[in-house]
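As structure tokens, one chain now follows by itself in the form predicted alone.
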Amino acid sequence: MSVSRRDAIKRLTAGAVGAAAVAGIGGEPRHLAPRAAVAGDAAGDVAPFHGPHQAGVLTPAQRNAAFAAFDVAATSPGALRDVFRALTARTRELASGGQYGAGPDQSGSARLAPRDDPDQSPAGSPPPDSGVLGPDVPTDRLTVTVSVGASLFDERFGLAARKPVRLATMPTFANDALEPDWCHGDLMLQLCADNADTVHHALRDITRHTRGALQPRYRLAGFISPPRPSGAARNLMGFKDGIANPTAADATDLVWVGAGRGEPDWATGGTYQVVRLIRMLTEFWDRITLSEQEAIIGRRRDSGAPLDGTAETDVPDYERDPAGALIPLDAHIRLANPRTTASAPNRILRRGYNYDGGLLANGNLDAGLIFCCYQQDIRRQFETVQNRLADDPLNDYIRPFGGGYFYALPGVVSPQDWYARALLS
């Protein structure tokens, strides 16, 4: 983040940070009362919150998401700890769901109060919740994945020596058209749920409880289409996406940062996150022939099958097609994953969402992909793949315009734990 932007944030939040901001983050003890069930909940609707890793990485992808980046306006290590405690309290409560009640939980976390009950809310005060989900908050498989950017480890909080070894500011790659207002950030929240109103409610709640300490930088909402007609979902170019993706069985070797990998001890259990906001030039794409589209991607649009196969789950056999007679040598799927022994360690866990932002100033559609991936090592994995894609013909039809590199924090292991506790202790 530039100095001018940070100075502007300081001016905007003058008097609201420090002790005042801490009071604003926590406020009155507020909470969702425990309940047996909430309307809309069903078996399997709860994504576990506590554990060595955060939810939202290997969690089966929910239908809706929002990616929101923030700059930290808190000015002391103590205030930063309060930010992460507040984030933990809110996400723990929201992911658990419940009916509105009063009083703190056993960990002392700040919780939601009754919504607008005149017998329990202070006279003349606004309701403590938006009411978007009604009086009963469903779990809706909500996950909030909290990640930190390289800029958090500057001189403000004395964290430079504790920065994850491979965390850096995302560079500009060939074919990028990055817009500064849509890049980087001290903090990234990835919110996912089965319904869009749950995502909206959660983000609204979190920003309300961290106002004055977190300054919103950018936000983009996304969605995953239902299978049409079956199998993997389609992106906005009409092709099935996410067919070949590592699974939970691959996570130890590809996703989670473990002990002994040269990272700070606190980082064990986390993972590197890359977010790329990619605008699709849909008008241009829609003008080329179907055969050209399929040759660029390397798959058939109707079935999702590789061009040398018949079903979307077929594995392309590049060894039997060394000259690219069936799947061109520069096809997207062939460049992204050559499927060789040497390229196996480069695989990434993708978690992408379509987005539709309306219209651009020139009248074209503002639509595309929120590309998100997780990995142990950004250079070994994402950047290696990205560099292989430098000459991908697909680049003529897309424009990456934002995003950043982040480190998804280790999980919250107990009701007494909180995000970044080991980092900030």
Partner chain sequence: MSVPTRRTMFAAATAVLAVAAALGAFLLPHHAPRHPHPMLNESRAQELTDGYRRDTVARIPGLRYTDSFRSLVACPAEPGRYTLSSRYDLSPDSAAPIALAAVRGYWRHLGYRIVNDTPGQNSQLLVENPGDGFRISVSQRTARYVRLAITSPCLVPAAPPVALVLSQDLATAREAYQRYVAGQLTQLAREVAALRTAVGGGALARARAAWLTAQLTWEHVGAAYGSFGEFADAIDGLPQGLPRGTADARFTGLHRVEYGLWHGEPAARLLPIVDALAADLARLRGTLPQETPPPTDLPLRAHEILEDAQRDHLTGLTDFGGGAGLAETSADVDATEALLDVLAPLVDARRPDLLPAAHAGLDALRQALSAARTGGGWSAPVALSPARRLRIDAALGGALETLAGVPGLLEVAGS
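Not measured: the values here are computed from a predicted model. Positions refer to the first chain, counted from 1.
There is another form of the same protein, the form predicted in complex with its partner chain; it is not shown, and what comes next is about it.
> Whether Asp197 contacts its partner chain in the predicted complex should be assessed with a 4.5 Å heavy atom distance threshold; does it?
So Asp197 does not count as contacting its partner chain.
> Do Thr341 and its partner chain share at least one heavy atom pair within 4.5 Å in the predicted complex?
No.
> Heavy atoms within 4.5 Å of its partner chain in the predicted complex: does Ala160 have any?
Outside the cut-off, so no.
> Is there a heavy atom of Asp396 lying 4.5 Å or less from a heavy atom of its partner chain in the predicted complex?
Although its partner chain is absent here, Asp396 would touch it in the predicted complex, with heavy atoms inside 4.5 Å.
> Check Ala295, Asp308 and Glu319: does every one of them have a heavy atom within 4.5 Å of its partner chain in the predicted complex?
All of them do, each having a heavy atom within 4.5 Å of the partner.
> Which residue, Asn354, Asn337, Asn175, Ser151, is the contact with its partner chain in the predicted complex, using a 4.5 Å heavy atom cutoff?
For this set of options, the contacting one is Asn175.
> Taking its partner chain in the predicted complex as the reference, which of Ala248, Val165, Val132, Ile288 has a non-hydrogen atom within 4.5 Å?
Partner contact (heavy atom, 4.5 Å) among the options: Ile288.
> Among 53-61, 377-385, 66-74, 363-371, mark the stretch whose residues have heavy atoms within 4.5 Å of its partner chain in the predicted complex.
Answer to the contact question: 363-371.
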